[in-house]
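Heads up, the chain below is alone and in the form predicted on its own; it's given as structure tokens.
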Amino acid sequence: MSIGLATARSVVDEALAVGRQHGFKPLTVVVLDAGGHVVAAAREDGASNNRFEIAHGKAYGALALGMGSRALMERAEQQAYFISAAAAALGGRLIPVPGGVIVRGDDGAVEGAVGISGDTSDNDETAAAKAIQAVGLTAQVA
């Protein structure tokens, strides 16, 4: 089952709230369903250019390779050629830094992914994971 619109919107709202609570820079949040389609997205006022594309690439890459974008970063450090080839295969839609988090349901099945960009990659990942958990789903960061 894929994440639905109502839940995706709640994830966006929660992620932006986390960012404000922690004093993060303006965030852009993208929620993809299990098939990699955009279900919800939002760009906070003041977020810099192309944050949507970066957030989308974090989520899309995580979903495509079945691991959070933090794990993709670690893999890139060990196997740069693989990540480069994967990015090419995905049409450049892979950003291998933290901030792309897989969403799992109660049964452990992948329901989608969340990508966030705007602050440090670690803070982007924090906002995504906390938002996913706040709506009762499981966040897979690695």
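Please read all numbers here as calculations on a predicted model, not as lab measurements. Residue numbers here begin at 1 and follow the sequence given.
Not pictured, yet referred to below: the form predicted in complex with a further copy of the same chain.
Colleague: Given that a further copy of the same chain is not shown alongside this chain, does D107 nevertheless sit within 4.5 Å of it in the predicted complex, heavy atom to heavy atom?
Modeller: Result no; D107 lies far from a further copy of the same chain in the predicted complex.
Colleague: Just checking whether A142 would be counted as a contact of a further copy of the same chain in the predicted complex - the rule being heavy atoms within 4.5 angstroms.
Modeller: Result no; A142 lies far from a further copy of the same chain in the predicted complex.
Colleague: Does the 4.5 Å heavy atom contact test between R9 and a further copy of the same chain in the predicted complex come out positive?
Modeller: Although a further copy of the same chain is absent here, R9 would touch it in the predicted complex, with heavy atoms inside 4.5 Å.
Colleague: Does any part of E111 reach within 4.5 Å of a further copy of the same chain in the predicted complex? Heavy atoms only, please.
Modeller: Although a further copy of the same chain is absent here, E111 would stay clear of it in the predicted complex, with no heavy atoms inside 4.5 Å.
Colleague: Using a 4.5 Å cut-off on heavy atoms, which residues of 41-72 contact a further copy of the same chain in the predicted complex?
Modeller: A41, A42, R43, E44, D45, S48, N49, N50, R51, F52, E53, I54 sit within 4.5 Å of the partner.
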